[in-house]
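Next up is one chain by itself, shown in structure tokens, the form predicted on its own.
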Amino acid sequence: MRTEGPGASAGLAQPLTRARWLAADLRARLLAGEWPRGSRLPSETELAASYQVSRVTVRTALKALESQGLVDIRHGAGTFVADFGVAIRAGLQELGSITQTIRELGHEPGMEWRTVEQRPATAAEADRLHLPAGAPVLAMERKILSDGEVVAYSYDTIRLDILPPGAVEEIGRGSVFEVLERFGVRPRRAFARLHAVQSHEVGWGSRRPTNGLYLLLDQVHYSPGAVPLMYSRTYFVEGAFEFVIIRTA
């Protein structure tokens, strides 16, 4: 019986918090290979008894894992471990650190910074971030790696006027999301557009894809106070990163 985490002894204040915790724990077990790909997970009743939660909580957690492409829920048959394939997989509705996603899927994340500089915002950046033309921003260019291979090139712009003191100096030393989390301004939602792109102007270095094929995630991240915080254009190398959309009738 697993009783770790919130609600183990005294119970949780909110069922949704229980479901999020349960989904995170099951996700960790899935990615650790506890259940082989294609195998059936314990039933909702078994999981509810094991974790000492309701079946509604289990069902909510499993739905979250299905939206991330980690399991397949087959009505009348049960929940099965999805075949993750060779690409790094993330639910398109998820908002999280790419570094963390790569790490959770059992790969070694890495990052190579090209530039981190303060400069005036371009017209497009100012429009996305609701800033006056030419307002100061922090602009970054970086490669995102998985097991030493380039999986994405990211061009990010952050508003300077809402960053706490000390945050600017830390950005460029690791995951942007993790730095923002430490300073209490990690984005809580984003408005994103997805485009297929072929361009030989994207990226840099000898490992840049020769075919110039990318999946562009163009998005504005919002702070907990619903203020535009960061504008990102992340070009995922075609075939290296896979986004999942779960559609239901």
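The term rigid core refers to the maximal set of C-alpha atoms that superpose within 1.5 Å between the two forms. Don't overthink the numbering: it's just position in the shown sequence, from 1. On a predicted model such as this, the values are computed, not experimentally measured, just so you know.
Beyond the structure shown, there is the form predicted together with the DNA, which is absent from this document and is the topic of what follows.
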- Task: Report yes if any heavy atom of Arg74 sits within 4.5 Å of a heavy atom of the DNA in the model of the complex; otherwise report no.
- Result: yes
- Heavy atom of Ala28 within 4.5 Å of the DNA in the model of the complex: no
- Query: Can Thr57 be called a contact residue for the DNA in the model of the complex at 4.5 Å between heavy atoms?
  - Reply: yes
- Message: Check Arg40 for me: does it contact the DNA in the model of the complex (non-hydrogen atoms, 4.5 angstroms)?
- Response: yes
- Counting only non-hydrogen atoms, the one stretch of 205-213, 177-185, 31-39, 46-54 within 4.5 angstroms of the DNA in the model of the complex is 46-54
- Task: Note yes or no: does the Cα of Met140 move by 2 Å or more between the shown form and the other one after the core is superposed?
- Result: no
- Message: Using a rigid core superposition, assess whether Arg114 undergoes a CA shift of 2 Å or more between the shown form and the other one.
- Response: no
- Message: Following rigid core alignment, is the displacement of the Ala77 C-alpha between the shown form and the other one equal to or greater than 2 angstroms?
- Response: yes
